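One chain is shown next in structure tokens, namely the form predicted on its own.
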């Protein structure tokens, strides 16, 4: 997945300016893709040059302006092509599991401390994702409200369920990772 496709997916729901997009991606625990501001603005310029989005200048006050971006037909076609294409999994790069691979090199109590912090982090993610999943099912997030405005009412429940199911997957993964870490704690104690 690329930042470009994440931006296209968000902009399909409603036009946003760069600041709004940055704020959206700062809410990474509720989203499946994160991006810092330093990546968003250059990517928006590249996408505009490629004709995937278009920017409209809006004047604010007497001297300020902002650019509000919206997806173009070409951008929508690109997004739909990408969505319908299977992609290979990215290479594995998990710093935590790399760290755990070498726990035999440190004292068990230090490894246990790392594992307990990891479990707490996973549990926090589960709580946040559950709340977001429930908000999606209730059709209460700002983005889903915008997206559903342009979709037939008969599809609203299906759309909300599909989006919520992504977070059900995130919850399942985080729950499994926390349980794996608990088993690791038991191994340390053996």
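What you see is a predicted model; the values in this text were computed from it and never measured. Positions refer to the first chain, counted from 1.
As for the form predicted together with a further copy of the same chain, it is not shown, yet the points below apply to it.
Checking 59, 153, 138, 162 for any heavy atom within 4.5 Å of a further copy of the same chain in the predicted bound form turns up a single hit: 162. a further copy of the same chain is not drawn, but in the predicted bound form it has a heavy atom within 4.5 Å of residue 158.
Residue contact with a further copy of the same chain in the predicted bound form: residue 74 places no heavy atom within 4.5 Å of it. Among heavy atoms of residue 41, none comes within 4.5 Å of a further copy of the same chain in the predicted bound form. Residue contact with a further copy of the same chain in the predicted bound form: residue 68 places no heavy atom within 4.5 Å of it. Residues 117, 121 of 116-131 are found to place at least one heavy atom within 4.5 Å of a further copy of the same chain in the predicted bound form.
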